[in-house]
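First, one chain by itself: the form predicted on its own, in structure tokens.
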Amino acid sequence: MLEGCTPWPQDFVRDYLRSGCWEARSLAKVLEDRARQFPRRVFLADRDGRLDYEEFDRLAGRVALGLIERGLRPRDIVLLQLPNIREFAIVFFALHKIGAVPVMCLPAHRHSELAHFAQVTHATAHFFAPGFRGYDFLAMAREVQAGAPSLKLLVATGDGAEPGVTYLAPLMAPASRAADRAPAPSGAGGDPFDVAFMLLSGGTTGVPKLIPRTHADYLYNARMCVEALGWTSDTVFLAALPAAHNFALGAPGIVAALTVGASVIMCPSTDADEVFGAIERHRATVLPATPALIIALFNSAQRTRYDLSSLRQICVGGQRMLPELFDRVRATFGGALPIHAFGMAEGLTNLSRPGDPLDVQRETQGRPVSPADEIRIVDEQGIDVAAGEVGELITRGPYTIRGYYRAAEHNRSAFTAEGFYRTGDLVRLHPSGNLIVEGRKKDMINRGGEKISAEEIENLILSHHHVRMVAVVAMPDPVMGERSCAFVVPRNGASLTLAQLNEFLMDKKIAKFKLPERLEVVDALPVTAMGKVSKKALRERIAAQLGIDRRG
């Protein structure tokens, strides 16, 4: 396994191979198999048209050969920072044909994150779109390169003549028919049991940690998602969330679609017109979304202008989909079933099942997609809690990592001695066997020793008819340590005071200490690059506000 990674113990490896969880196939091999099996079926579509499986595989091979000619080698680690355009998928699979290892950077990342990734991995190349959304990624790439001696190759989308930059357009253009008949790149997709790429952790503090995923574990993860959701070759998956994120990439996502010969639509924006237009134009059947995105979509005045009847599943992840949101999705997109997607880039994926009873679908966040997933719910001492009690979810299995990349010290606290990953999620087991997410360990407000679940209070506030979106966060307090502050985005034209909100909450018969002690009415909530509400930004905002208030 790649140096700096933690391998699975050998007895687990033997079990995963013997049980068929892991197969000796790389991502590149699966693409080639699908290209032979479904040569004329559309694999990828975007604003620029459609590519069938055979065309797409040929393009990826062409780019792989061009990159090899420019010095890229098997096991080279590279920074892949492309938006949701066809080049993202083409380069992703071209790198796998070579056996190179992409770090799945987001377009929102800037110099600080990229310089860190380059330094930790000794990355040899950086792939980017020069002027995406008005930002000069080329200038940033040069800055990162100046501080990273290993970063020899800058690769930009499009065409150009900038010195020291390789452009993708010439690599994608066939020089001759012979180019398309060239032998497969040496390395042929790499070792199926070695690292295929590195995802990034979704932590709210510090620089994201690197998550090494192997070909075998990720393909198994994707296959199990497909089985849980009943996807077929007729599935049309719309990637509007960042494709570099685990949710859109494979759990479930692009790689999951590949495993059954389905189609993928690349949508470079989460703007309502872009998303709705792509659904209508390509007859998309599956839409992944965060709660923030789905709320923005069904609050859009443009929605009724489009034919969205092709949608069959709306997979909501990144944050918990509250029961009220589940109901609104069903009411707004009548033909589409809301699917809970609760998982993590480190591995474990939980999905609700289309065949579950409606109340189970509505109130729980699904269950592990694989029978080989091991989960425990434990207290602060690591002891299993009683059935139905709240505790921290810990997990291990055939697609859950055993350690972050080059992070030995952090791994000692993030994983148990038995190899279970400490997720930080507070959950309880529903009688159906599904999980109910109660919040994050770090999303608890400690008010003088009384613990308040921010998510519990958000769920109640969201049912207020004047509230469109809400986030409850801790604010510092010299006496209690922390008190709770509710940030509320009201419905159009609505008003709300703290007294009115708390009167509403008291009618819900909750403990008085759980009531928000400050209300901030805002036009919008800040979001992360993934589209999650950024509670870190809100905590910083209210702390700064309180500092100003105290000086006044």
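Sequential numbering from 1, following the sequence displayed. What you see is a predicted model; the values in this text were computed from it and never measured. Take the two forms, superpose them, and find the largest set of C-alpha atoms that agree within 1.5 Å; that set is the rigid core.
The discussion below concerns the form predicted together with a small molecule, not included here.
*Would Phe247 sit within 4.5 Å of the small molecule in the predicted bound form, counting heavy atoms only?*
Yes, contact at 4.5 Å.
*asked:* When the contact criterion is heavy atoms within 4.5 Å, does Asp425 count as touching the small molecule in the predicted bound form?
replied: Residue-level check for Asp425: yes, a contact with the small molecule.
*Might Met344 be said to contact the small molecule in the predicted bound form, defining contact as any heavy atom within 4.5 Å?*
Yes, Met344 sits close enough to the small molecule in the predicted bound form that at least one of its heavy atoms falls within 4.5 Å.
*Give a yes or no for Arg353: in the predicted bound form, does one of its heavy atoms lie within 4.5 Å of a heavy atom belonging to the small molecule?*
No - in the predicted bound form, heavy atoms of Arg353 and the small molecule never come within 4.5 Å of each other.
*Residues in which of 239-247, 124-132, 261-269, 277-285 have heavy atoms within 4.5 Å of the small molecule in the predicted bound form?*
Residues of 239-247 come within 4.5 Å of the partner.
*Interface residue in the predicted bound form among Arg402, Arg320, His116, Arg406, criterion: non-hydrogen atom within 4.5 angstroms of the small molecule*: It is Arg320.
_I need to confirm a contact call. Of Leu311, Leu153, Met444, Met172, which residue comes within 4.5 Å of the small molecule in the predicted bound form, counting heavy atoms only?_
If I apply the 4.5 Å criterion carefully, the residue I get is Met444.
*Indicate whether Lys442 shows a C-alpha shift of 2 Å or more between this form and the one not shown, with the rigid core used for the fit.*
Yes.
_Flag for Phe38, CA shift 2 Å or larger between this form and the one not shown after aligning core_ = Result for Phe38: no, shift under 2 Å.
*Asp443 to Gln361, Cα distance in the predicted bound form relative to here: closer or farther, by 3 Å or more?*
Pair moves farther apart in the predicted bound form.
*asked:* Comparing against this form, do Asp443 and Glu389 have their CA atoms pulled together or pushed apart in the predicted bound form? The difference is 3 Å or more.
replied: Those two alpha carbons end up farther apart in the predicted bound form.
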